[in-house]
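Encoded as C-alpha cells, the following chain is the form predicted on its own, with no partner shown.
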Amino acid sequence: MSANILVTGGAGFIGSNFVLGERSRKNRIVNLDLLTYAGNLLNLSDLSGDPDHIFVQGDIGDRALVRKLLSDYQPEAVVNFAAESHVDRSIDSPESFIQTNIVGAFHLLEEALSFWKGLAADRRARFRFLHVSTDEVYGSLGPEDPAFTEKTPYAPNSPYSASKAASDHLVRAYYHTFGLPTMITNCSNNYGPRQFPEKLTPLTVLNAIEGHPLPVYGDGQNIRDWLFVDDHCEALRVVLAKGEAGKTYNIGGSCEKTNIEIVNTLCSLLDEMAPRSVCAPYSSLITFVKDRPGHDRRYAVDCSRIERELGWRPGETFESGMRKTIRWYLDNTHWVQSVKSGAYRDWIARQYGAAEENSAALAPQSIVGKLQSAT
C-alpha cells in the first residue's frame, strides 16, 4: 500500500536519493527544500512531470508553510533531512547551522506535534517522525575504542555536530514529553551519486579527472566508517516500516577506512575506469593540506541494533559502492556543470588555503569536457 511522506531537505544528497527510491515504490512525496548550496533540483530531474512528487521550495522554520503542507497532504510520516551539514562550513559560519539545525528542527517538531494530535486514533498510531542525524554527535574515537552504540554519550566537537546533537535531543524530548512518535537515525559517512563536491569522494573524483590536486587533510589517517547512500536509504525505509517509536538506530557500512585509503582507492579505480586521462596515475595528484580545527580522528558505528531488531545490513561492498559512485559522476557531466557556481569555487579556495594561482585548480571549472573525454 502506498503512503504519503513529507520529506524535508529532499533535494540534497541523501534526501534526493531517498525521494527517488520512494517514488520507485509508488509512495507520494511532498518534498520541502530551501535549495541552499547543497540542494539541487537536477538531483530530481527523473521526477520531472511526476504528479506524485510535489516539490515546494521553502524553509522548515516557516511554520505556516509546514502547517499548510501537513494539512493539505495528510502525510503518514515526516522524514527530516533538512540540515546544514558540512563541518568546514560550520567552522566558517556557525550561525546558519544553529538556525536550521536547531531552531528549524524545533519549528518542524512543533507543527508535526500539532498535526499528530489532530489525527484519528488509528492514524496517530501509524504516524512517524524520522529525524536523520549523524555519528558526529558522539565525538571522536581513539584507535582502539569500541564503535559508537546508541548508548554512547554525546560529545560533539564542531558547531555542525553540536547543532545536530541539539536537534537530536529535541526530537527525543518530543517523544518523551509529548508522545510524538519520533525516531532518530545516526549514520556514518555517506558516499554515492549526487553528493555536493565539497565532500571527499566527489571532490577527489572530479579533481582527479580534471588533473587538479587531490587535497587530503593532515596525514590522511583520519578514520571514518563509509556507507553507500542507497544502503542508507534502504535502512531508513526499514526504520520507517518497522522501527519502534522513541528509539535511535545507528546506520553504518561496517567499513572503516582512513582518508588516504579512500583517495588511493578512488585513484586506482579511476586508473582502470578512465585510463585515457593524461593525469594517470591519479595518485600523483595527492596533496596533503593543513588539517582543519576540531577534526575528529575516528568515527565508527556499531549497527548491531538495526541488524538484530529490524534485519537490515548494508548490501554494497566498499569496492562495488565506489565503482557505482565513480560511474555515476563519469556519466553525469550535466550534473557536474550545474554545481559549478562561483560561490562553490570561492569556498573551495578559502577552505584549502590555495594560493591565488592555484585556487582555480582546486575547483572543477572546465571539468565537463574532461569527463566526456574520459568516458
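In case it trips you up, residue 1 is the first one in the sequence shown, and so on. Everything numeric here is computed off the predicted structure, so don't read it as measured data.
Same protein, other form: the form predicted in complex with nicotinamide-adenine-dinucleotide, not shown, and the subject of what follows.
Only one of I29, I306, L69, I60 lies close to nicotinamide-adenine-dinucleotide in the predicted bound form, with a heavy atom inside 4.5 Å, and it is I60. Contact with nicotinamide-adenine-dinucleotide in the predicted bound form, judged by any heavy atom within 4.5 Å, is made by just one of C187, A235, L130, I209: C187.
Contact with nicotinamide-adenine-dinucleotide in the predicted bound form, defined as any heavy atom within 4.5 Å, is confined among 265 to 273, 118 to 126, 81 to 89, 242 to 250 to 81 to 89. Remark: none of the three candidate residues (F228, R323 and T325) comes within 4.5 Å of nicotinamide-adenine-dinucleotide in the predicted bound form, counting heavy atoms only. nicotinamide-adenine-dinucleotide in the predicted bound form comes within 4.5 Å of a heavy atom belonging to L34. Proximity of Y160 to nicotinamide-adenine-dinucleotide in the predicted bound form falls within the 4.5 Å heavy atom cutoff. Taking the partner from the other structure, nicotinamide-adenine-dinucleotide in the predicted bound form has a heavy atom within 4.5 Å of a heavy atom of K199.
Looking at G39, you'd find a heavy atom of it within 4.5 angstroms of nicotinamide-adenine-dinucleotide in the predicted bound form. Taking nicotinamide-adenine-dinucleotide as positioned in the predicted bound form, the residues of 3 to 21 that bring a heavy atom within 4.5 Å of it are, in sequence order, G9, A11, G12, F13, I14, G15.
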